[in-house]
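The data below hold one chain only, encoded as structure tokens and taken in the form predicted alone.
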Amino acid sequence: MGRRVYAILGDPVSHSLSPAIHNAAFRAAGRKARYEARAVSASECGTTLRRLALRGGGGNVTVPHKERALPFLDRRTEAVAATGACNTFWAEDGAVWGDNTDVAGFQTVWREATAGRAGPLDVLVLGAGGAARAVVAALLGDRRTGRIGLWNRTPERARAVVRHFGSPCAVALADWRSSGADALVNATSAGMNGGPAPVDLRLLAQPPGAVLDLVYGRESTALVRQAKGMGVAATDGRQMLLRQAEASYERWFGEPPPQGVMRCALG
């Protein structure tokens, strides 16, 4: 058998660091596999996903296809069922599986960012796509979580996420400026490739105690730079990328990646 092919499917994907960290892990483990970035449209995503998986490979799904991937899965983990989104896929015994390792990835990053802080912690989540769903699922699994305020430029999408989870802790916000949250999580794509921040932190009712931007780039995002300029602890999406990638690797191969390799490749 030739090299198994794994890929990240989305649009855009040219900025993704996933190929670098996964290929480093493949080399270190001596696996005959390669990982690549593939820009695919909504109509191409499902068929590409199934073709890669059924040929012995797998991969990840990123914006804007995490929710659109579901109809192409034969089996779903509890994380996919909980979020209604998939970011990791592979095949077992002829069946295509989907998981959402973003949930586990964010749980780890959240615990690190809020270590030593007691609840209840109110959180403002920006976005209503697959990443936001993973964030909400992770937060609902933390006993310290108080209110989760969800804001999206399209209000109905935020309300749809709230209905999906059906938790009294999660509410859709009409205006993000009214939030006085303990932490802010950017689960939109705003800020990618050096773009502007999704919100102006100075307009919040009060500054958050921490900012977690799931977007990353070659340099700090605009949101992270503004937060740090205000004296607010902030981190970009590199750590979540790393954590979900480690979990994805374990789903594909049944064992964790070589220790420390992905982190070193991330830089």
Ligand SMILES: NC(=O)c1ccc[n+]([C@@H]2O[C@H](COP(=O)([O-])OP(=O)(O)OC[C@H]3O[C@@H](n4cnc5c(N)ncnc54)[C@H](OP(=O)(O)O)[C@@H]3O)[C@@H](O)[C@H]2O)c1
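Keep in mind that what you see is a predicted model, and the values were worked out from it rather than measured. From 1 onward, residues are counted along the sequence shown. Note that the rigid core is defined as the largest set of C-alphas that superpose within 1.5 Å between two forms.
From this point on, the text means the form predicted in complex with the ligand, which you will not see here.
Although the ligand is omitted here, in the predicted complex all of A187, M240 and Q244 have a heavy atom within 4.5 Å of it. Contact with the ligand in the predicted complex, judged by any heavy atom within 4.5 Å, is made by just one of L140, M192, A91, A113: M192. This chain appears without its partner; in the predicted complex, the one residue of R117, R163, R75, R153 with a heavy atom within 4.5 Å of the ligand is R153. Exactly one of the stretches 227-235, 214-222, 23-31, 50-58 approaches the ligand in the predicted complex with heavy atoms within 4.5 Å, and it is 214-222. Although the partner is absent from this view, G98 stays clear of the ligand in the predicted complex, with no non-hydrogen atom inside 4.5 angstroms.
Contact annotation for G84: none of its heavy atoms lies within 4.5 Å of the ligand in the predicted complex. Using a 4.5 Å cutoff between non-hydrogen atoms, V63 counts as a contact of the ligand in the predicted complex. Proximity of R159 to the ligand in the predicted complex: non-hydrogen atoms within 4.5 Å are absent; the residue sits far from the partner. In the predicted complex, D102 is the single residue of 91-114 with at least one heavy atom within 4.5 Å of the ligand. In a rigid-core overlay of the protein, G209 has its C-alpha displaced by under 2 Å between the shown form and the other one.
Superposed on the core, the two forms barely differ at L242: its CA moves less than 2 Å between the shown form and the other one.
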